[in-house]
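First comes one chain, alone, set out as structure tokens in the form predicted alone.
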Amino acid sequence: MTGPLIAVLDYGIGNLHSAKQSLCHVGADARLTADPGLIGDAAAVVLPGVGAFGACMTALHKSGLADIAVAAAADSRPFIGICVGMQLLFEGSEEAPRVPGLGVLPGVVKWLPEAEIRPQMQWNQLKLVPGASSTDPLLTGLEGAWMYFVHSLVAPLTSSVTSVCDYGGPQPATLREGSVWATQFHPEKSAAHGLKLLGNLTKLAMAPRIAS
């Protein structure tokens, strides 16, 4: 591989290999790893997640990767959380109220509206917040893109949100805070639009120091 080294954090949860393979498909030298040295050398870091918030946090701590993830999110390399990986970045979740999150981002993850079917398990369309298409390089070419969602909880709707989907009202789909990005959907399961996003991430990793 000649593309940028991207570390996909391997803490034994969910379909981690599909994220790695999709990144390799778009030209990255993606490695599924729990090696601190390799993660430290990577141009970008990916935190995937599938399943329950509490189980993912427990596995992240047991693997020794919780503190490493926090450090990687703070050091100005591109860092992206995917699905439950997005939710782990917050201070906590209503799904597991006694389990602290990583605290990279402020706020608590909430259940989707009771009136809606949970989980949202479908394709849904991104609506970028004003200005995001020109200021957020991860979302270049993705206005109106259809992405695949599987989730019952959702991040807070804050100023960090860069796109939403409509599910009982606007729900956060992507966010950016400095060099930290996150997606509630699964780009690795979202066909051409998902690969476009991962390609954008790979380009970001080629110039990894991101201005806040």
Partner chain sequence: MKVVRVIPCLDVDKGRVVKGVNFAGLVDAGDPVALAAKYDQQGADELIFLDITASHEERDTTVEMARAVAEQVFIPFTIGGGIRTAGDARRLLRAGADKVSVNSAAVARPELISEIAEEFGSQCCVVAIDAKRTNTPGINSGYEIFVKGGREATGVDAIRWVERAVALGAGEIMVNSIDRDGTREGYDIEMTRAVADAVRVPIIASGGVGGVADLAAGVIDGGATAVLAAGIFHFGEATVADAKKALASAGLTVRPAEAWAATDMGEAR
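Positions refer to the first chain, counted from 1. As the structure is a computational prediction, the values presented were derived from the model and not from experiment.
Quick note: we don't show the form predicted in complex with the partner chain, though the next part is all about it.
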| property | result |
| --- | --- |
| Single option in 161, 50, 43, 65 placed near the partner chain in the predicted bound form, where near means a heavy atom within 4.5 Å | 50 |
| Interface segment, criterion being heavy atoms within 4.5 Å of the partner chain in the predicted bound form, picked from 68-76, 102-110, 124-132, 85-93 | 124-132 |
| is_contact(residue 137, the partner chain) in the predicted bound form, heavy atom dist at most 4.5 Å | no |
| 4.5 angstroms heavy atom contact with the partner chain in the predicted bound form for residue 206 | yes |
| Contact flag, residue 97 vs the partner chain in the predicted bound form, heavy atom cut 4.5 Å | no |
| Exercise: residue 35 in contact with the partner chain in the predicted bound form, heavy atom 4.5 Å | no |
| Residues in 171-201 close to the partner chain in the predicted bound form, defined by a heavy atom within 4.5 Å, in order | 188, 189, 190, 191, 192, 193, 195, 196, 199 |
